[in-house]
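Here you get one chain, nothing else, as structure tokens; it is the form predicted on its own.
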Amino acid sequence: MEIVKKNGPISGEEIASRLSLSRATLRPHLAVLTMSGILHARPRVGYFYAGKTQETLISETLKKIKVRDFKSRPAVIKEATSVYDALVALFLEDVGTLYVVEEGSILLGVVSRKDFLKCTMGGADLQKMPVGIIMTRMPNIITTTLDETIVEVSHKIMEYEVDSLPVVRETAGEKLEVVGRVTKTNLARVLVALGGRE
């Protein structure tokens, strides 16, 4: 990159010569640099620096990744479900948050591990208490949409200190239908994938 910055436009042969490498050895490296947008190449002109830093390229990549690209299946229950049954669902689904919905997957509330912990410490009869009593209700729920970027959803998770966000879309009646969820694990998987490790 430094050679191209100082001498561009410059041919691949000349870059290889300055590095004491063959053109064939250098070809895959130049391909990566041009595909990533760090360098540009023009036939019969050569390589030249695109002026983008690695940080800029990472930022641009992250802004292209939408919630629809990495969301996972939501774990949902009904408002009348007992706290006991909801706890069982929490463990069976292996999630930290359940979304409480009505007919048509319309979001009514959210119940988290913290809510369950508070409830169990009170000594209530968990088999008789409906989850609707302990859930956080709309409109006090932070949500995300299919078209928000990974940067926007990460900011919400950090700002509101939540483990997950329901992914929603607005219905004709201006209600919110749950169509997925985004968790900290989803975000970590995206970073691992971007790092080149599946």
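Note that the structure is a prediction, hence the values are computed from the model and not measured. Heads up: residue numbers just count along the shown sequence, starting at 1.
Another form, the form predicted together with a small molecule, is not on view; read the next lines as being about it.
Residue heavy atoms within 4.5 Å of the small molecule in the predicted complex occur in exactly one stretch of 125-133, 37-45, 65-73, 157-165, and that stretch is 157-165. Within this chain, Ser112 lines the site of the small molecule in the predicted complex, having a heavy atom no more than 4.5 Å away. Contact check for Leu146: every heavy atom lies farther than 4.5 Å from the small molecule in the predicted complex. For the chain shown alone, Ile142 is a contact residue for the small molecule in the predicted complex, at least one non-hydrogen atom being within 4.5 angstroms.
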